[in-house]
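First, one chain by itself in structure tokens, the form predicted alone.
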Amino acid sequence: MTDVVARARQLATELLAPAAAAVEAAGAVPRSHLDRLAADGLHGLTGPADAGGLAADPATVTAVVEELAAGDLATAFVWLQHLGAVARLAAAGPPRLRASFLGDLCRGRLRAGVALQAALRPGPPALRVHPDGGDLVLDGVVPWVTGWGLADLLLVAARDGDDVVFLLADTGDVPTLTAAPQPMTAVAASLTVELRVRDHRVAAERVVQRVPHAELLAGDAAGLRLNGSLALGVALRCTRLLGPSPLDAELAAVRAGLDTAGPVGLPAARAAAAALAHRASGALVAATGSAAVRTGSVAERTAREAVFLLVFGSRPAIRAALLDRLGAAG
């Protein structure tokens, strides 16, 4: 599917990168950006062909994420949430729910976000769900929800005893959902919020999947690959701006490491990607010179984004590997 990767590169070059500084200054990814991604079929990248999706293979998906992140990380970050919701609904959703939503999600007529961390992390859950009549009732806090105000639906993960329930909830201005902006030093235009949920009711027919929490934790490492493409995208931006350098070969090697690592090796491979983005952004700052300390410059924004990616989607094993690479391991 090299054509869709080429389309993503063109979008990043002609639309996302030139507007990235203005998007950050405005504080919100514009809907027009997402409309353009949808028009090029990218909202259905992970969706099945019978629902209007592209049914892209994993290598194509990671390459598209990388190209979009190279253009504008905030837009790519918002879009990636939608992609995750489409992928889970396509893979695990019951036929009735797929028929109701998957086609519109793949074509971009509906947009989705995700609220997963509060239920998937180890330890006591921050978001719980319990049945009440024909509904499920959600209570708790989700620390990070991206694209708030841009999504029509939210793929929510909540704990019910030893299980995690994934369900599709409507978004909107309702008293049961309270969003507080997260003051972030990078990708602030992604509209990431802390979401407080109190007695929020969702119809039981909106359940996508129920999975034992222990099973999700055991398979967590296998899902780490895709987020690594965000770091690769930031590194790719740096290499293109810097011109030919040894960083080109390093980028190819780190990409290959992510592609070939198994579950055991993925945390170290993810750490390598984040560390490369951080170092490449430093090289871009040095090459840019004093202009790099001006707020809004490409080098300044890229350096902040690289710092963000040192902690985004992290795990203890990734953190340990990063500290080792950065010379701070105990």
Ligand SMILES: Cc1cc2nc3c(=O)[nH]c(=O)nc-3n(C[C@H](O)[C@H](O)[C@H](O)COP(=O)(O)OP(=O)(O)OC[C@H]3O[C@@H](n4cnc5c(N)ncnc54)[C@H](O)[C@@H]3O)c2cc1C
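Quick caveat: nothing in here was measured; it's all calculated off a predicted structure. All residue numbers refer to positions in the sequence shown, first residue = 1.
If you look for the form predicted together with this ligand, you will not find it shown, but the lines that follow are about it.
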Please identify, from 89-97, 160-168, 112-120, 129-137, the stretch that has a heavy atom within 4.5 Å of this ligand in the model of the complex. 112-120
Of these, Val145, Leu230, Ala151, Leu258, which has a heavy atom no more than 4.5 Å from this ligand in the model of the complex? Val145
Listed residue that, although this ligand is not shown, lies within 4.5 Å of it in the model of the complex (heavy atoms), from Asp220, Asp104, Glu205, Asp248: Asp220
Please determine whether Gln10 contacts this ligand in the model of the complex, using a 4.5 Å cut-off between heavy atoms. no
I'd like to know whether Met184 contacts this ligand in the model of the complex, with contact meaning heavy atoms within 4.5 angstroms. yes
Please run the contact check for Ala22 against this ligand in the model of the complex: heavy atoms, 4.5 angstroms, yes or no? no
Determine whether any heavy atom of Gly313 comes within 4.5 Å of a heavy atom of this ligand in the model of the complex, and answer yes or no. yes
Contact at Thr75, Trp79 and Arg240 by this ligand in the model of the complex, all three, heavy atom at most 4.5 Å: no
